[in-house]
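Before any questions on how it binds or moves, here is one chain, the form predicted on its own, in structure tokens.
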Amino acid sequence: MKKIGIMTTGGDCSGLNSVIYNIMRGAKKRGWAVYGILDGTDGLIPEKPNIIRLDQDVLPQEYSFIAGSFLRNGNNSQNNNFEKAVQTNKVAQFTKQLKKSLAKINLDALILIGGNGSLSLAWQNRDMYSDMQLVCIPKTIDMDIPLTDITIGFDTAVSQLTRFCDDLLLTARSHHRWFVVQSMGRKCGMLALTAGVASGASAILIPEIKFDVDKLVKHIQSSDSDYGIIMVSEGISLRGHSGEPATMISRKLTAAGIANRTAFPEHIQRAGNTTPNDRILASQMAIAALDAIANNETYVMTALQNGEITTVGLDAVVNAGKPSRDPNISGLIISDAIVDDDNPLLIAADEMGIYIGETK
């Protein structure tokens, strides 16, 4: 009987519990035992690793649709983590402890559900997992992981952000006012772009497309409406200005006499019951991860490519995309997926008369 471990790391999102549940369900059919590591790598720091045996009584189906991670993602300030280990120059000791704890658990394989930071760390410290198979499942609302067309949690985040904008639009109309909504996404504008198109925003500003704030102002002033949504990705910058991107844009609009307010949906984007699309993706990637284990694959990530679920090498993932430095872990290079110039949603937004920047 194979012994499988599951760990969720990095920021949470909706869809994690669906993945965990479907791994548990698929593993049971294969006769494999499944254990959850609580609190990510934090759960591997104690002398006695913090793990639980997963079954239907521990994680019933109705819990699989809610947001967050049943296993929790860690970041307990009292425990050590990669960030602290780098700051104190104790990475070797830290990874040694993690490997020792994993040896105690005696896993045949570990399924790591994480974002591009977690995947980059896993590859950088891959010796930690040399005694077992490592299979990763991509999850993030930012959609910034290369080599997969979509990630767990993205569809639900789009739904949450779109609903937020829909509700704001009602009060915007009542008061003849524009709302500058700041989305998450880090350096990738995919969440802002997708929810912006879905909610019929009048303007969408993302990190990948240069914009002229004066042209944005003129676009709003020449609009047929005196209210609406201006979607701003958290990763944009405005030369000569500092602060939250939405606040910077709001100041420019106010200076031009345009009535507006800022709105920050923040972690609402990570919440909400998992959408059907995310549940389906979770089941497909869970089974792909189990198939990878059965096929003796290791250091791979499940991915959706051109409508097909497959696995790709973790080395290929971290070497694809646009490299950037992790803001919290010195020396860690992350590969970011970005919105390409020929993205169909950019074309759709332009055809809808949405200001998306200076694309030509």
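Throughout, we count residues from 1 along the sequence that is shown. In this text, all values refer to a predicted model and were calculated from it rather than measured experimentally.
From this point on, the text means the form predicted together with 6-O-phosphono-beta-D-fructofuranose, which you will not see here.
- Interface residue among M184, A263, L102, L253 relative to 6-O-phosphono-beta-D-fructofuranose in the predicted bound form, by the heavy atom within 4.5 Å criterion: M184.
- Between the options I249, A282, I141, I206, the residue in contact with 6-O-phosphono-beta-D-fructofuranose in the predicted bound form by a heavy atom within 4.5 angstroms is I141.
- Of the candidate stretches 266-274, 82-90, 197-205, 128-136, only 266-274 has residues whose heavy atoms lie within 4.5 Å of 6-O-phosphono-beta-D-fructofuranose in the predicted bound form.
- Contact between E234 and 6-O-phosphono-beta-D-fructofuranose in the predicted bound form is found at the 4.5 Å heavy atom cutoff.
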